[in-house]
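A single chain comes next, written as structure tokens; it is the form predicted alone.
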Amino acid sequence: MASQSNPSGTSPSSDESIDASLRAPVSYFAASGAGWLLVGAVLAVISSVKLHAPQFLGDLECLTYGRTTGAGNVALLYGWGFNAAFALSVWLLARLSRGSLPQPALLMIAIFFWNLGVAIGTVGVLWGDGTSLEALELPSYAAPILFVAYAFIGIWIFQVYQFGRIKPVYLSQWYILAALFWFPWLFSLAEIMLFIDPVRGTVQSIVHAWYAQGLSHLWFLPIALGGLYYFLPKLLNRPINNYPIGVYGFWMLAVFGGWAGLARLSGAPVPAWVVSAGVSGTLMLIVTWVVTAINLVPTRLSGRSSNDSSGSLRFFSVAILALFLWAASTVILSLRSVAEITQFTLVLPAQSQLFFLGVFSFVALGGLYHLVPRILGTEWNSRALISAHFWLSVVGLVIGVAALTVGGIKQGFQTNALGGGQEAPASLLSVMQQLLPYLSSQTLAATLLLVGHLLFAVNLMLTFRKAGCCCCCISRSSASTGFTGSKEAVIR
């Protein structure tokens, strides 16, 4: 995190010129992400209903449980998750390096092809061409489109940092730049070893577990941490607590983040050392969580923000709480004695929801609520919709994670004959019948999240309209050096 001199001798770009160069791509990232968030939320509701009401939409082959779940994962991970991550990455790197985006029109083309690939992948899964691998449900013909589009998006985002006029390397930049390099490494190796030139036997399960958890630990988590390390001091107007030790958390995540996913293979027919390596990697990440807690928690508790007109800080507060709950659960569930009970239960989906919806999505939403007014030059259309979205998301997250966790623990004890004096495991049918209240609660949670995300999409659309933006005028205005809008001075 050493500072570097400015060899060019040029003055830093102003916030206005930076945001002007980013207006078109970030707007499209935000709009595309919001659209995919709605698609994923709708498919999540359908999948959840089918768990306790299998006859729901039962006459439609394309809407069977397996297809809606896979398509929903594609829409949420690669549609919402990546679009939001791209928006945060390019904006944060531009602001921190004080550099404008060169040739935004070329980035717009890459954005189009990324979303085209996600659309082809989602429709392909619903058509029946998806795989059975979590986080890799994409059909074989969609993956190359995403990889090529990502290459151009990543290069253009990196150029914002490379050609910036100020070169101190902040911890936020470390996390984001590392994530930009880690994802293509994960994705390309997984595609090659599982589909192009597939490995054999249990090695496939090892590669899949490595990719699925690596996507969380080495892509979404670094983006979320990069956002938190930037937005908290920005909004609270104070430096990160004990900032220099943050580098140790970064390197521990870089070294051991890829190994942690192997702990998910506990009980699988793989060599014992593979699971041991996963458990060891997860335990080593405790250093990252401790360092992050020392950095972020005192910073957040230092006071209130006077520069948070959109209420972004409350999203970040929930994300910090969810982060440490998820980190604690990751460590606990990696232990073999615990995994014997929780493996193949609803506890694992609960943990996944806690991370993606509670950690990453809350950071992404808070970031978008903060940066969209700055690139558009106008405030959000409705603060009431922001508050409604926040509370619906919080309540939906709590209900969903709690229901799946409690139901999953009960499921694990019953199927392992460990509860209530059982002498033999309960039948699968009886276990599922007892899980119906928890599955119904999960449907309620998914519905609340869907309503909240719908409010976010509506508010975003109205804000674009308020700023006088459409597809054509955003593209034209991206080449300008300033903004229009009477509230620009208020939100800077």
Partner chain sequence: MTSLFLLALLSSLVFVCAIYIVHYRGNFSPLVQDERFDLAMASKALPVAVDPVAAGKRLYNTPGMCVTCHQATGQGVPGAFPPLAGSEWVNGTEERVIRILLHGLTGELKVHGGTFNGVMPAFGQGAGGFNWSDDRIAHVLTYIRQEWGNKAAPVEAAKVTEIRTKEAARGSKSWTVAELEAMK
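These numbers were taken from a predicted model, which means no experiment stands behind them. Residue numbers count along the first chain shown, from 1.
There is also a form predicted together with its partner chain; it is not shown, and the following applies to it.
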Only one of 129 to 137, 245 to 253, 155 to 163, 320 to 328 has heavy atoms within 4.5 Å of its partner chain in the model of the complex; I'd like to know which. 245 to 253
Scan A110, V279, L346, L171 and let me know which has any heavy atom within 4.5 Å of its partner chain in the model of the complex. V279
Which pick from A388, V297, A268, V203 sits with a heavy atom within 4.5 Å of its partner chain in the model of the complex? A268
Going by a heavy atom distance of 4.5 Å, is M284 a contact of its partner chain in the model of the complex? yes
Even though its partner chain is not shown here, does R238 get within 4.5 Å of it in the model of the complex, heavy atoms only? no
Is A272 close to its partner chain in the model of the complex, meaning a heavy atom pair under 4.5 Å apart or at it? yes
Spell out, yes or no, whether the shortest heavy atom distance between I192 and its partner chain in the model of the complex is within 4.5 Å. no
